[in-house]
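Here are two versions of the same chain, shown separately as structure tokens and labelled structure 1 and structure 2.
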Structure 1
């Protein structure tokens, strides 16, 4: 059932206002991973509340406790925004999830514009941190409710909002809240829709029925009691940085092969039918080359590249803390350094069966160095992989909505990123979860110059609204 013409007309007529609203959201630097920005994250929850309540949405800001900091202090976790609109027992109830926190961003990282000022260019791209991940989709849901309420269009479903502020930092506190409220706030929900992923390219919409999980690790190597002068102590003491670099070099090869023994045996075997699915997806190697800005794809085989992104594990090195990184030449031997890396998990892999393999391997490799420094390994946060049934009515409704708005049948994909809450919704609530993306594959989420195309923002808003109308009539 297509969305009413009045709804589509309203979205088109209010394009500029919706872009301005997104600009207001982007301007709040809600960086959950930076303690100095915790007030901004909390401010963002209040901003959302101020938009929803005038539209008749019953809003609760749910306290999820405190977050312990490395120095022993505590910070309040940003509240989870619960919203309820409609309680008609004759209508389906759709749970809409999004997150209002963002990744860190500084102009010095390589941004061409202020990351916290939404900046359009001549091609209609809207640059700003969080524009596509995930403030654009979140604001779009609010725009959809506004269009229905102000135009007197009856919402075809009941809506429940679950909007969190710690997704980029492990969704701390959310799982416990979902478990606590499974027979309360969430009891009436019939399905879940998450808009927090992307098309494979810039031309073909998709629906996503699986995501990889993740285990994020920190390797800490400590030695001297303080930083040392390399001229005085070089070649006289074991240096933590040397040990750390050697350890991190033994995690993954330049071709992407994970070097930790036993991990490959945890991966679910590839079936013939699954392999054929990758062969039919609208995807070319040039799609990735354009997204990353270089011809550095690991393989010339399309299916191998897709499986590398969607259904096989990966290990990525992320950074080193404690090392000198400023301009100039500082001849320092760091007293303690921390290396960070993560493993993207796939079905059959869990943090519980991966951790022992990772930790044993790193301690074994460290022993081979015969270093007198000390090693500590921590799993900072983790989430399991998730897969849904793409033949469910939730997906059939989304396929119809996509065909109605974009005049294309969407690809069915699995996503390389991790959205741990998908598995929580599926397991705890027993619901089918749909990932219905708004943005394109070249949006650069988590990267410099993150953007959302105006076309995808506006047409994606129509898609999400149409999806609600299709849900009402699809069984």
Structure 2
């Protein structure tokens, strides 16, 4: 069921008002990572409450406790804004997630305009910190509720809002709250929609149904009790760097294939329907070349490149702690070196089934070196992959809504990096989670001159509203 014409008309008619409202939101510098801005983050939660309550949304500001500072002091965490609209047992209940905090921004970082003053240009691009990440989507949901309430359009679903203020700083407090409220606030939810990522390019809408996880390792090789001079001890003792570099060279080939035996068997097989998805995604190798600024794409095959990013694991060598890293020529034999690498995990890999393979392999390879140095391997950071079923009614409704608003079938994509809250909603609540992006790939979410196109803001508002109407009728 497409959204009523009255809804679409209202959105178009209120374009200027909606931009002004986004401007109000951007003007509150709710930088969660900067303690001096914590009052602004908290102010932002009050601002949201002040918009939602007059529309009939029942709002609760959930206290999630204090944040420990490096100096030992404590700072209050901004509340998670819970909102409830409707409790009709005959309607589906959709959980809408967004965040109201932003990344830091200073004019001196290279902004062309004041980052906390939403500034349009001639092409209708709205520049400002948080415009696309994530105040645009958050305000859009409020605009949608306003359109329904003021125009007397019945909301086709019950809505639960979960709006957090610490997303840019590790979502502190949120996981515990979700766990605690899973049989409370979240009990009636039927599906989740998160509007907090981006199209793959500037042309084609997409829905995102998976993100990779990660296991981050360090390989520690220790030898002498202290750093040595290579003139005095070169070719005399086992050098930790020699061993470490050899071990690191056994992890991944120049074409990106992981060399650790058994890992490939953990990767979920590619089905025909999934394969077809990569073939039809609107994507060109030049998109990647532009993003990285060099012609270094691993393959000429579009599907292969997409699968490398979305559905296959990757292994990257990040660097070495303890070795010489400065400019110039230092003749040191470092005594203890730590090689850092990470593996991006995809279904059905988990830190639990990957760790033993990685660790055994590296110890086996080290044994072959016949070195007298000592080896230790540690997983220092781990997170699972997340993948939703893109054939679920939640996705089919979003596809339909996209086709209605953009006259295009959205690409079904997966992302290479992690979005931890996605996994929490899926695991703790056991719900299908949809990532339904509003902005474009070139919005510069964490960068200088972050922007949201007016086109994406207004059409995206229509899309999110239409999505609510579609889920009501999709099964």
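Residue numbers count along the first chain shown, from 1. If you're wondering where the values come from, they're calculated on a predicted model, not measured in any experiment. Each form is matched to the other, and the largest set of C-alpha atoms that superpose within 1.5 Å is called the rigid core.
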Is the form predicted on its own shown as structure 1 or as structure 2?
1
Using a rigid core superposition, assess whether residue 342 undergoes a CA shift of 2 Å or more between structure 1 and structure 2.
yes
Classify residue 226 as shifted (yes) or not shifted (no) between structure 1 and structure 2, where shifted means its C-alpha moves by 2 Å or more with the rigid core superposed.
yes
Is residue 239 one of the residues whose Cα moves 2 Å or more between structure 1 and structure 2, with the core superposed?
yes
Distance the CA of residue 276 travels between structure 1 and structure 2 [rigid core superposed, Å]:
5.6
Taking the rigid core as the frame of reference, how far in Å is the Cα of residue 324 displaced between structure 1 and structure 2?
19.0
